[in-house]
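Only one chain is shown below, in structure tokens, and it's the form predicted alone.
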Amino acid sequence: MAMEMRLPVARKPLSESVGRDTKKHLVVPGDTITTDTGFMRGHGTYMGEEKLIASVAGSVERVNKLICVKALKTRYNGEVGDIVVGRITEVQQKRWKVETNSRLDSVLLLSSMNLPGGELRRRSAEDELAMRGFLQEGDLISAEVQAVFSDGAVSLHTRSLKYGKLGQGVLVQVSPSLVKRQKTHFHDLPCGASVILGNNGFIWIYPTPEHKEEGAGGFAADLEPVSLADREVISRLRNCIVLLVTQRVMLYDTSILYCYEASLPHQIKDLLKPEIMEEVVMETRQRLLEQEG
């Protein structure tokens, strides 16, 4: 039986010419950001001896007179309007608890979701008894952040037909700081698969449906067998996302598609080998730089 063995090698420093993201001002806890007292203190900073000091490792962001540090690796901090992918962890009275990669469990209220069939009416005791029939422990859902409470907990809603229960696919968990904010986070890629880029760092890859379910209210999970070709596309996309995350490249539809196209000459199982990973990411970065112009 053939066996491949690899020995550890010294990690190469990242090239300075890999993109514009490397030009950011990076700090670690205890670093002095500025000694100018005219700036306001934002998240990830504190004042000490009339200096603004970083309290987390990340990149410095400045908006007018406000300075904050965006952590490179962090839990999800919810914002109203964010698209998230989450997993049901508990069914409670008139609500579900959802794991969304934040510090506290998120909440999906029975009144904040469409009923099956999309009918609009008050929720009754029968609906409450049937909650486990709608969503049960372990189910994956896509939702939108409706509100953020004072303790940081997040309230979700699935009132649009594009949200709801997820069917067959692959879940990839990454750091929320690597998901780029865009107008839409639902993307049908030309390679035959679709992705939901959750702002919370949960990414769902699934075969593009041939026809959209309209009257299902977000509960019709397609459990038909997935073809081998679709499974290969999904596996390649999954490895491309892992590869981009390893190299700290921002995730959005264009970067994922460019990485997918750059990976086509290689076998799916070889994509996570260090030398192939470096080659694919370098080509992806080059195309992104050319596109930015």
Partner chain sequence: MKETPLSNCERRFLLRAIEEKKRLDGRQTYDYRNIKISFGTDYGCCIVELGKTRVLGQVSCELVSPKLNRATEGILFFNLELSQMAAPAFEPGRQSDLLVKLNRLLERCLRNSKCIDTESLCVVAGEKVWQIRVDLHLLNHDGNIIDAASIAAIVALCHFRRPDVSVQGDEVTLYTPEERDPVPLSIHHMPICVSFAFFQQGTYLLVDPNEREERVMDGLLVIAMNKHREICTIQSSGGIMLLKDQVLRCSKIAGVKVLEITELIQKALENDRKVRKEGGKYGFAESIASQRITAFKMEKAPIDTSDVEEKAEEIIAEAEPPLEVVSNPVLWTPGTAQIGEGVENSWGDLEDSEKEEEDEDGTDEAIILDSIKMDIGVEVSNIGSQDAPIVLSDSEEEEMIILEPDKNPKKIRTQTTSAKQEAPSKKPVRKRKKKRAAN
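Just so we're clear, the structure is a prediction, and the values are computed from it rather than from any experiment. Numbering follows the first chain given and starts at 1.
Another form exists, predicted together with its partner chain; not displayed. Remarks below refer to it.
**Student:** Could you check which residue among 123, 162, 75, 94 gets a heavy atom within 4.5 Å of its partner chain in the predicted complex?
**Tutor:** Checking each option against its partner chain in the predicted complex, the one that comes within 4.5 Å is 75.
**Student:** Between 137, 79, 188, 128, only one gets a heavy atom within 4.5 angstroms of its partner chain in the predicted complex; which residue is that?
**Tutor:** Here the answer is residue option 137.
**Student:** For the chain shown here without its partner, which stretch in 137-145, 178-186, 191-199, 154-162 has non-hydrogen atoms within 4.5 angstroms of its partner chain in the predicted complex?
**Tutor:** Among the candidates, contact is made by 137-145.
**Student:** Indicate whether the candidate residues 2, 90 and 105 are all in contact with its partner chain in the predicted complex, with contact defined as any heavy atom within 4.5 Å.
**Tutor:** Yes: each residue has a heavy atom within 4.5 Å of the partner.
**Student:** Would you please decide whether residue 37 lies within 4.5 angstroms of its partner chain in the predicted complex, comparing each non-hydrogen atom pair?
**Tutor:** Residue 37 lies outside the contact set for its partner chain.
**Student:** Residue 267: heavy atom within 4.5 Å of its partner chain in the predicted complex?
**Tutor:** Taking the distances in the predicted complex, the answer for residue 267 is yes, it comes within 4.5 Å of its partner chain.
**Student:** Could you run down 150-182 and flag each residue that has a heavy atom within 4.5 Å of its partner chain in the predicted complex?
**Tutor:** Heavy-atom contacts within 4.5 Å come from no residue here.
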